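Below sits a lone chain in structure tokens, taken as the form predicted alone.
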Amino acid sequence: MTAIRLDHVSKRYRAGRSRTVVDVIASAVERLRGRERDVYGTARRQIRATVFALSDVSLDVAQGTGLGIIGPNGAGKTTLLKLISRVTWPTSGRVQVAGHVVSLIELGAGFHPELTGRENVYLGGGLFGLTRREIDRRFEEIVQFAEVEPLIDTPMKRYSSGLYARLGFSLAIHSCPDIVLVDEVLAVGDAAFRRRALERLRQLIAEGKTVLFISHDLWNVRRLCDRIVWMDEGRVRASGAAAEIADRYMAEVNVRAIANEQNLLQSHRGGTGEIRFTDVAVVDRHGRPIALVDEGAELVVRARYQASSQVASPIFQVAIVDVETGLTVATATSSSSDSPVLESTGAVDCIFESLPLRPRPYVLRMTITDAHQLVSYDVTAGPQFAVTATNGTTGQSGDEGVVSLPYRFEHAARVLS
């Protein structure tokens, strides 16, 4: 059974400032003449009169599906949910929805800050279509899930944003929805709440409910959803199995990140300067510069240096840093015996024979110190690179962590006596 159907749906907004009555009349006259009226921005530059948030989107969502919706900011994800929840209407096309829809685009939007949590549960429950008797039956369960019992009779203006989100989410999912629309609301709240909320959404899917989930956290999307729709510039870029679409999306994001980064060494750098890096590159086994490295493949960091004076047995260090978290995931340090006395230019290769890092962007941090690692001659950032997923790599879509270690499971059956 189809829970949601979008048939060639487009949503158009008018750009520019808010319109006056004169603007409305003038626009109507221009449309009768077969043309759009010009629109000007704050700098008086002419811009497009209309902007398409969605353009010719067709989509079927089966009942009981967990569907992730991903894409960059401005891709049309939130507009899609607003159309499904009837917050706004399409400019063209048809949106068909079967069942009671609960929209979690902004948690607690219907709450009144001067009312207590208890009063807002009854107020918000009525907005979700619950009768007072139904709220009475579910009140304790709503409050316990949100974990706001000590503050339930306190005005909500004294609640933190996280407590607002807890109570709003709990009230929504206890309103017996057939379709749940979730838009980045799990970014608010602590880790325990996010975990509990994801488990509850997964339970709803198992019960045959339909969940549409927007998030930039692909890990949560893959844990919750079995299908993903990739939105880009108001259109459906791709759709399919969650693991496949997520990997394709992250590969493109990584490529864009690398393309927008200058791989030159930073001008603001530390160290005393007796010896400095002049060039650092990530290369393949043939010495050709690369920006993408397959998961589990070999990685070679080639660094050229120049010594302004005689330096005895310097130590070179290469650190790999996760761009998204700033976490140093691995370091490689040469020994003092690897480097003789240096007094001119040269090059050194750091070879990682197998790179077990998970697909995401990374940046290098390069350091040169004295033989005792007490004095830093140079500390600077090297180039970015991205690890990309390959078919057949070890690991499952549910795996977490920074590295992909080879593993296997063996089950030894035991005979019960």
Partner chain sequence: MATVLRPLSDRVEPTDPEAYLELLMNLTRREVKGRYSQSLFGFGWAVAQPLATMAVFTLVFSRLGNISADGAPYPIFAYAGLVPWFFFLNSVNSGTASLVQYRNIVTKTYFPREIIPLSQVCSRLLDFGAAASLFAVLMVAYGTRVTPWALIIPLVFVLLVAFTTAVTLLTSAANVFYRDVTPVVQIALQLWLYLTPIAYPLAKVPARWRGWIAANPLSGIVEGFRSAVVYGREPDWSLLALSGALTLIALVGAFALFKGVDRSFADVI
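Keep in mind it's a predicted model, so treat the numbers as computed, not measured. Residue numbers count along the first chain shown, from 1.
Not on display, but discussed next: the form predicted in complex with the partner chain.
The partner is absent here, but in the predicted bound form a heavy atom of 123, alone among 281, 123, 251, 291, sits within 4.5 Å of the partner chain. Only one of 313, 239, 333, 85 lies close to the partner chain in the predicted bound form, with a heavy atom inside 4.5 Å, and it is 85. Residue contact check for residue 127: one or more of its heavy atoms lie within 4.5 Å of the partner chain in the predicted bound form. Heavy atoms of residue 151 never reach within 4.5 Å of the partner chain in the predicted bound form, leaving it off the interface.
Taking the partner from elsewhere, residue 13 is found to have a heavy atom lying within 4.5 Å of the partner chain in the predicted bound form. Within this chain, residue 298 is remote from the site of the partner chain in the predicted bound form, having no heavy atom within 4.5 Å.
In plain terms, the part of the chain that comes close to the partner chain in the predicted bound form, with a heavy atom within 4.5 Å, is 77-85 out of 336-344, 77-85, 215-223, 317-325. Within 4.5 Å of the partner chain in the predicted bound form, a heavy atom is found for every one of 96, 101 and 110. In the predicted bound form, 207, 208, 209 are the residues of 207-233 with at least one heavy atom within 4.5 Å of the partner chain, listed from first to last.
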